[in-house]
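Just one chain follows, in the form predicted alone, and it is written as structure tokens.
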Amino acid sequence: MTAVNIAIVYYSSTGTNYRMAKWAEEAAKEAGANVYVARTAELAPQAAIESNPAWKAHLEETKDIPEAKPEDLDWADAILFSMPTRFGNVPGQMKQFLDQTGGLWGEGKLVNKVVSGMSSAMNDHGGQEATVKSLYTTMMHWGAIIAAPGYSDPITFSTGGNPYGTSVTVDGEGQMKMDIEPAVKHQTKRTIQVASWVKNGQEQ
């Protein structure tokens, strides 16, 4: 069976979704997939970044991670997104990236991509689920295949219970309130498994 290519595309201002993306990368490698991790471009004004030491530090620490480009999605069989919520929606940095995929969409190159999403917020009901579902609206327009974790593993019940995609609440110090690493890894491996079925089924 041909190995799955998975692109892990994330946006992170202070590091939460970066950590989630790195856990996903570990799981993808364990699953034998070819992995590419990329961050969406930072759009915030420099003054806003400078006003938050954690934001400024994280941007500097991750400056060598490549910025996501539409062609990364063309290469991928599976795409895992991770981003914080912005008023129950995807952040502008992720939205701008998605808005650049019109060319691929017009050529039908996003049809049957296997996709999944993860999110974070500062409150337990701060929009995690709505953010992932907002992402999935775009995925439906693509004709992609959404591989939500659902309750396909008991780990979902002990890590917040979000069936749409792993999510986490972060406190004022930037610390995750729950250990979601196992849920991230399960979701990643499930996404790769579904993508393998699709890819290898198409190649027969």
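Here the structure is a predicted model, which means the values were calculated and not measured. One-based numbering along the sequence shown.
Beyond the structure shown, there is the form predicted together with a further copy of the same chain, which is absent from this document and is the topic of what follows.
Peer 1: Looking in the predicted complex, is a further copy of the same chain within 4.5 Å of a heavy atom from each of 49, 120 and 182?
Peer 2: No: no residue has a heavy atom within 4.5 Å of the partner.
Peer 1: Using a 4.5 Å cut on heavy atoms, which of 174, 70, 150, 32 is close to a further copy of the same chain in the predicted complex?
Peer 2: By the 4.5 Å criterion, the partner-contacting residue is 150.
Peer 1: Mark residue 141 yes when one of its heavy atoms lies within 4.5 Å of a heavy atom of a further copy of the same chain in the predicted complex, and no otherwise.
Peer 2: Residue-level check for residue 141: yes, a contact with a further copy of the same chain.
Peer 1: Can any non-hydrogen atom of residue 38 be found within 4.5 angstroms of a further copy of the same chain in the predicted complex?
Peer 2: It does not: once a further copy of the same chain is placed as it appears in the predicted complex, residue 38 has no heavy atom within 4.5 Å of it.
Peer 1: Hey, in the predicted complex, is residue 145 touching a further copy of the same chain, heavy atoms inside 4.5 Å?
Peer 2: Because a heavy atom of residue 145 falls inside 4.5 Å of a further copy of the same chain in the predicted complex, the answer is yes.
Peer 1: Does a further copy of the same chain get within 4.5 angstroms of any non-hydrogen atom of residue 90 in the predicted complex?
Peer 2: Residue 90: contacts a further copy of the same chain in the predicted complex.
Peer 1: Going through 90-105, which residues have a heavy atom within 4.5 Å of a further copy of the same chain in the predicted complex? Please give them in sequence order.
Peer 2: Contacts from 90-105: 90, 91, 92, 93, 95, 96, 98, 99, 100, 101, 102, 105.
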